[in-house]
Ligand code: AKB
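One chain comes next, on its own, written as structure tokens: the form predicted alone.
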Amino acid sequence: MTEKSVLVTGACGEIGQALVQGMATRGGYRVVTADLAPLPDSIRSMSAEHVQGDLVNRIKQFYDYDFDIIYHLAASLSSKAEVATEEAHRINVEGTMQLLMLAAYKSEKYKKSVKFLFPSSIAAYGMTDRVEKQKAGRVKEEDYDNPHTMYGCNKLYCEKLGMYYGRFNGQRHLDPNPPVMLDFRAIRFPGLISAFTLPSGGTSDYGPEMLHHAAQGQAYSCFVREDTKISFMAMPDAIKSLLMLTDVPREKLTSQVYNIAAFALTAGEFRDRAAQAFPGATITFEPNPRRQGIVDSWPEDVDDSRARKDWAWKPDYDVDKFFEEYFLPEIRKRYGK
């Protein structure tokens, strides 16, 4: 079987490392990785080549490759993007657009659609206030698309860019013999939690941060209210979803953007799990108004019925299995508990 040529940007991040490991386990891929940082030892042997540096400045280099699949994971995340909005736009939008243009060019040149997998986010949603959030419940992909953050705006716009380059690029879909277009597919991820990498300061990281602090006997001050609720997912399920969506035939897809869900928890429920696993854990709630506002603008949960119908999506980890079989065993191992 011919190996599929794959580019993974943002390969050093939580999703990137897990995805590279997932493809290595599967086999059949030649993976080129890209990131600002050098590859960690855990995935160095799994990458055929690593391109280190600013992605926006490296795009031209990738025109020498013939990728079958692009996983564009590189991004400036929500909290950081609020502080450095112009830089976030450059990374999140310019980087994505340049890669979409590359994939569009290659698709037309070789008359074979390059698959472009894009991790979007629940940050693409925007709830007016806590009352609307609670009333809305599980939201569909086309509802409440009014993001309150630069990161969310970037993600929503890049979804639209992907749809444009995959369907309407240059309005050439109107030609008598339209060119082959790239195959754009996006997943709106909930808060993702990895048992093997440390939380990196993301806005949804308060949950795993509690457990890491509790396992070390350190006090933790949570930056959101106890009743704050959003959707979460174990990292293995995130990787499973990316690979599933990659594999499904294009004609079976009714959308280019999909929600996926696993379980929704309040910050208080995370605290209770931490206290149960590590008796004596000291966890308090001291909401940061700006970070709280960001999380309040995200839905409590999402409706993933479209993904379940179109490509048989179903998570492996519900909330109990997540804690008992995935997260807590690795946390205990990490800290010798």
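This structure is a prediction, so every number in the text was calculated from the model and none was measured. From 1 onward, residues are counted along the sequence shown.
Below: the form predicted together with the named molecule, not depicted.
Taking a 4.5 Å heavy atom cutoff to the named molecule in the predicted bound form, the contact residue among Leu117, Ala104, Ala74, Ile122 is Ile122. Out of the listed residues Thr228, Thr96, Ser241, Thr203, Thr203 is the one that sits within 4.5 Å of the named molecule in the predicted bound form by at least one heavy atom. Although the partner is absent here, Tyr151 sits close enough that one of its heavy atoms falls within 4.5 Å of the named molecule in the predicted bound form. A residue is said to contact a partner when one of its heavy atoms sits within 4.5 Å of a partner heavy atom; Ser78 meets this definition for the named molecule in the predicted bound form. For the named molecule in the predicted bound form, the listed stretch (213-221, 195-203, 161-169, 134-142) containing residues with heavy atoms inside 4.5 Å is 195-203. Shown here without the named molecule, the chain has only Trp298 in 277-299 lying with a heavy atom within 4.5 Å of that partner in the predicted bound form.
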